[in-house]
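Shown next as structure tokens: one chain only, the form predicted alone.
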Amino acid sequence: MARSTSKDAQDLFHSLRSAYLATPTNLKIIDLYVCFAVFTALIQVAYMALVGSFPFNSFLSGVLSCIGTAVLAVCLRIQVNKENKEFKDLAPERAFADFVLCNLVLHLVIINFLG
């Protein structure tokens, strides 16, 4: 039983890897940016767990900034993806402009939250 589960997991991993290799480069760059933002949030949470959260609003601002940026980047990825038929009429430049504008608003709110 465990042997077939292991083989199924390997087959799944190989099929996901081969499908991801066919992903366009611009989507891979966005994926890397999302991973970086989430990794930065995790580092901040680990730092808060080890050192403490004295200026708690600073901790919240940093983590929410990272997570908010990651969410906006995922939205950008969805809009730029050529296989997504829902946004076929949306130009990639328009999607990137929306991403930049929403990031600007997000970070203005974050800076305002810091005080």
Partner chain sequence: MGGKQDSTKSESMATTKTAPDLLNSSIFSFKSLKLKTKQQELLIRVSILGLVYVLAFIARLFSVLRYESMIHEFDPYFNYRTTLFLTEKGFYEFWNWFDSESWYPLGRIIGGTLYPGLMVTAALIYWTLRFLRFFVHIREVCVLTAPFFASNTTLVAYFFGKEIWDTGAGLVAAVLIAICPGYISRSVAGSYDNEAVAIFALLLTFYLFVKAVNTGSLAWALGSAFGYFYMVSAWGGYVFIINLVPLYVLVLLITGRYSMRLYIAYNCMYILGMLLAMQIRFVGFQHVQSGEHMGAMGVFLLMQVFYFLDWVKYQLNDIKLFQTFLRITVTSAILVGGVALGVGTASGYISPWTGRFYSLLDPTYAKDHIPIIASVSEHQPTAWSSFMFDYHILLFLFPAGLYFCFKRLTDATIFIVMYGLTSLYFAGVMVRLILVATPAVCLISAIAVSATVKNLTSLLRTKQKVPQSGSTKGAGSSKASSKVTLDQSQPFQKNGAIALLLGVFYLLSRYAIHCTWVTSEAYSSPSIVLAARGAHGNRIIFDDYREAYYWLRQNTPTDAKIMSWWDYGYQITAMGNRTVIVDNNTWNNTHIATVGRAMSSYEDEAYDIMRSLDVNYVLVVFGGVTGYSSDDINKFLWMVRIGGGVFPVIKEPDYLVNGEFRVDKGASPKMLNCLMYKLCYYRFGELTTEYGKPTGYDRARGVEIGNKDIKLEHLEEAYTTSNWIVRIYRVKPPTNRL
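A quick note: this is a predicted structure, and the numbers were derived from the prediction, not measured. Numbering follows the first chain given and starts at 1.
Another form exists, predicted in complex with its partner chain; not displayed. Remarks below refer to it.
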*Consider residue 11 of the chain shown here, and say whether it contacts its partner chain in the model of the complex, taking contact as heavy atoms within 4.5 Å.*
yes
*Just to confirm, residue 37 within 4.5 Å of its partner chain in the model of the complex by heavy atoms?*
no
*Does any heavy atom of residue 41 come within 4.5 Å of a heavy atom of its partner chain in the model of the complex?*
no
*May I ask you to check whether residue 47 falls inside a 4.5 Å heavy atom distance of its partner chain in the model of the complex?*
no
*Could you run down 55 to 89 and flag each residue that has a heavy atom within 4.5 Å of its partner chain in the model of the complex?*
56, 57, 60, 64, 67, 68, 71, 72, 74, 75, 77, 78, 79, 83, 84, 86, 87
